[in-house]
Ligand code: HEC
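One chain follows as structure tokens, the form predicted on its own.
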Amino acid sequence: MRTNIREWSLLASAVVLLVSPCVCRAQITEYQQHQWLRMESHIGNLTGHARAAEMDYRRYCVGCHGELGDGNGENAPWVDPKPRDFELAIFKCRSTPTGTLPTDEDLFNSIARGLDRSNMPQWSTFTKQMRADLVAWVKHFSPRWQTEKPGTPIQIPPEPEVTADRIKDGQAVFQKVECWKCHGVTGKANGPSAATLTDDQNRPISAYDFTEGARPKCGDTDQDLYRIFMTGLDGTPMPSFADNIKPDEAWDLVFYLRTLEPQKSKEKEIAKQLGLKPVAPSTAPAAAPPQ
């Protein structure tokens, strides 16, 4: 009798162990349905609701980003660069410091702008409400939005006047922080490190080629370039230089990079008048360590 009781006890324990994960998973699913799907976004006077975006996500986004938002949609194997994994909540285009969550407006703008040289198109045909709802839907995929707040957007100082001295100083910054190692001395994305670059999931990734004339992924204004230097592109080898260069140096770098582009510009004309030559990697100093 005692042996039977012991056997039944062991059997009951095994059943509990087998059932427990299922119960736990059901609780998580229920929590997501009742809490995470209540996610909202706030852009100006607009309030986005995750539930309202479900059909739009399935129609326009699920093929790449997947049912779970993990970037494993049915099109993902043929897409390069790979779709964003919303579960990680790591985004390239942000106005916030590296390592922090983007603002709702950052995601809102990314949906409309799209990402050049990727399969992410400009969804400018969406209404503002549709975009606000999709922002809330994107946020509902990651637990980070349950416990973290977006970072505080960086402050972009007024843009100074372009001068020859600023362009020369910008070239010095280009050397100092070793932009040439990835982007090449002439901006052709052919630096010595370019072939080895990988993203945060160890997938090959290309440096931006300034000479192509393509729009940078996170916007093409001078302010957009400044923001990229100071926030970095999280999930990629492009770091934030907020701890390495001063605001004036960041503006100088913006002006110098404009000289590498094929489009006509004031910066390019000044560089021509200066007879500016590409940096020399053999004499380029090592990047300054973070302060």
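On a predicted model such as this, the values are computed, not experimentally measured, just so you know. For every residue, the number given is its place in the sequence shown, counted from 1.
What follows is about the form predicted in complex with heme C (HEC), which we do not show.
Novice: I need to confirm a contact call. Of 52, 43, 245, 37, which residue comes within 4.5 Å of heme C (HEC) in the predicted complex, counting heavy atoms only?
Specialist: Going through each option in turn, the one that passes is 245.
Novice: Between the options 136, 93, 101, 167, which residue brings a heavy atom to within 4.5 Å of heme C (HEC) in the predicted complex?
Specialist: Result of the distance check: 93.
Novice: Does every residue of 162, 262 and 279 put a non-hydrogen atom within 4.5 angstroms of heme C (HEC) in the predicted complex?
Specialist: Checking in the predicted complex: none of 162, 262 and 279 is within 4.5 Å of heme C (HEC).
Novice: Considering non-hydrogen atoms and a 4.5 Å limit, does heme C (HEC) approach residue 251 in the predicted complex?
Specialist: Result no; residue 251 lies far from heme C (HEC) in the predicted complex.
Novice: Against heme C (HEC) in the predicted complex, would residue 127 count as a contact residue? Criterion: heavy atoms within 4.5 Å.
Specialist: Residue 127: no contact with heme C (HEC) in the predicted complex.
Novice: With heavy atoms only and a cut-off of 4.5 Å, decide whether residue 117 touches heme C (HEC) in the predicted complex.
Specialist: Close contact exists here: in the predicted complex, residue 117 approaches heme C (HEC) to within 4.5 Å, heavy atoms only.
Novice: Whether residue 171 contacts heme C (HEC) in the predicted complex should be assessed with a 4.5 Å heavy atom distance threshold; does it?
Specialist: Outside the cut-off, so no.
Novice: Note that heme C (HEC) is not shown here; using its position in the predicted complex, name the residues of 217 to 255 with a heavy atom within 4.5 Å of it, in sequence order.
Specialist: The stretch touches the partner through 217, 218, 225, 228, 229, 233, 236, 237, 238, 239, 241, 245, 253.
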